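First, one chain by itself: the form predicted alone, in structure tokens.
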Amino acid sequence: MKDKQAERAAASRRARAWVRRGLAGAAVCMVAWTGWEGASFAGTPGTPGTVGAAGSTPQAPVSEEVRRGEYLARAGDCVACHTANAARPFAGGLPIVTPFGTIYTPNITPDADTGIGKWTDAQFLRAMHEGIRADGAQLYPAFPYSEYTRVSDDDVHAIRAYLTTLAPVHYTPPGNSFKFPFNQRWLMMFWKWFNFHEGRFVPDSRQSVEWNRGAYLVEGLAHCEECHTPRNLMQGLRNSQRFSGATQARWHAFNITPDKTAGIGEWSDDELVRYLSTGVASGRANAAGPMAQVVEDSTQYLSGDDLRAIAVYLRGVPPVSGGVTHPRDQWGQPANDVMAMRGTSVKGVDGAQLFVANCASCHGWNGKGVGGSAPGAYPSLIHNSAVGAAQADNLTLVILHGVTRHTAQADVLMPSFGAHLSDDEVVALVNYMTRQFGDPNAKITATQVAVLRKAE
């Protein structure tokens, strides 16, 4: 099991490295508004006149539509789900585990036999807007067509135009592993009756242009609800609790409603923009797990105008408290245990000793971090969302699996400690950290650690 996990982790690192090389020229994207009906905008994602993104044909002349499609594909984070192996960019094969079985993402390169090279524009549009494959089969909602249905025809055509410039990869991903009756795609028609509303985004005339732009992105290509909204028994989104937080792949996607206690109501617009572009909002949060990948592959490439529009929109959604009574980024105090431990011997499994031995060299023996508010700083564990969360799962996952996040501002690497610490040692370390730096009511058990250890 450990060998397989290590192999998957190495493949993930190779894929991210490949994406960084391919997208290196895309740090700055300027938006040119051409009206809401088409929601069109142009970017400078690579060298002028070429397609600079991962998997693209080098130095191929491109149209403005293709350049816009490249930007939109980043906004939709297509590469994250459709790249399982760096040698097969956009060729799919990434396993997505659901309560009903495992889905392997499809090949979306322009290969005629195994990809979407033979798809017509109309078939691609239907897949994005209605969740129906080229052969008429129903797509599983792991593909977020519930969100993509809001994307304008013009923008979908631009994405399609960009995908046709990718290098075709002849690769057939593994088949899905669903048991009966979930392997019957036609049953998705019933799921759609309860959980899917087809239709394009309609601007709200009562709101500003900026708010509408944010709504178009958040509710469409960025598909933020897919991770940050709880799900019902059918795995549809609970609209009454939009953006109030949910668990995905054992990671908790936090509440991003404007509630001042449970959500991001106390965050400034600048902090939100900085977090989405760098993965860091000093004194608030540092992106890890799936969110680190979102920042690395997608949001860091969005223009400042688009990021600010997202912040404006999120401030306008209904706040949801969920019974939270203390902000997760307002816990903790500096530690001084290192003073008391001087001259003492190690006795059993001690959280403070484990912290000094494994964490203090980067985060400081007092937990205040090193490097201040710089994107590449070792973050403070005080006023830290992962440490101050009501559940210690994310903190535990970070300790077990580490953090890798690459942006234009910094390459962040926290090593994984899963191979070096036993379940009991992880329990002692996590519970010490939440007691000292975070929510003292957040605790983890050895049984929970064993489950989280298996997470990707």
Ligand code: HEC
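All residue numbers refer to positions in the sequence shown, first residue = 1. Just so it is clear, the structure is predicted and the values come from calculations on it, not from any experiment.
Missing here is the form predicted together with the named molecule; even so, the following discussion is about that form.
Shown alone here, Thr105 lies within 4.5 Å of the named molecule in the model of the complex, counting heavy atoms only. With a 4.5 Å cutoff on heavy atoms, Ser361 counts as touching the named molecule in the model of the complex. Not displayed here, the named molecule is approached by Asn394 to within 4.5 Å at the level of heavy atoms in the model of the complex.
Although the partner is absent here, Ala309 sits far enough away that none of its heavy atoms falls within 4.5 Å of the named molecule in the model of the complex.
Contact here is defined as any heavy atom lying within 4.5 Å of the named molecule in the model of the complex, and by that definition not a single one of His129, Arg238 and Val317 is a contact residue. The contact residue chosen from Ala335, Ala215, Ala84, Ala287 relative to the named molecule in the model of the complex is Ala287, the criterion being a non-hydrogen atom within 4.5 angstroms. Taking Val62, Ala390, Val427, Val412 one by one, only a single residue has any non-hydrogen atom within 4.5 Å of the named molecule in the model of the complex, and it is Val412. Here the chain stands by itself, but in the model of the complex one stretch of 164 to 172, 196 to 204, 141 to 149, 336 to 344, 141 to 149, has heavy atoms within 4.5 Å of the named molecule. Contacts to the named molecule in the model of the complex (heavy atom within 4.5 Å) from stretch 184 to 223: Arg185, Leu221, Ala222, His223.
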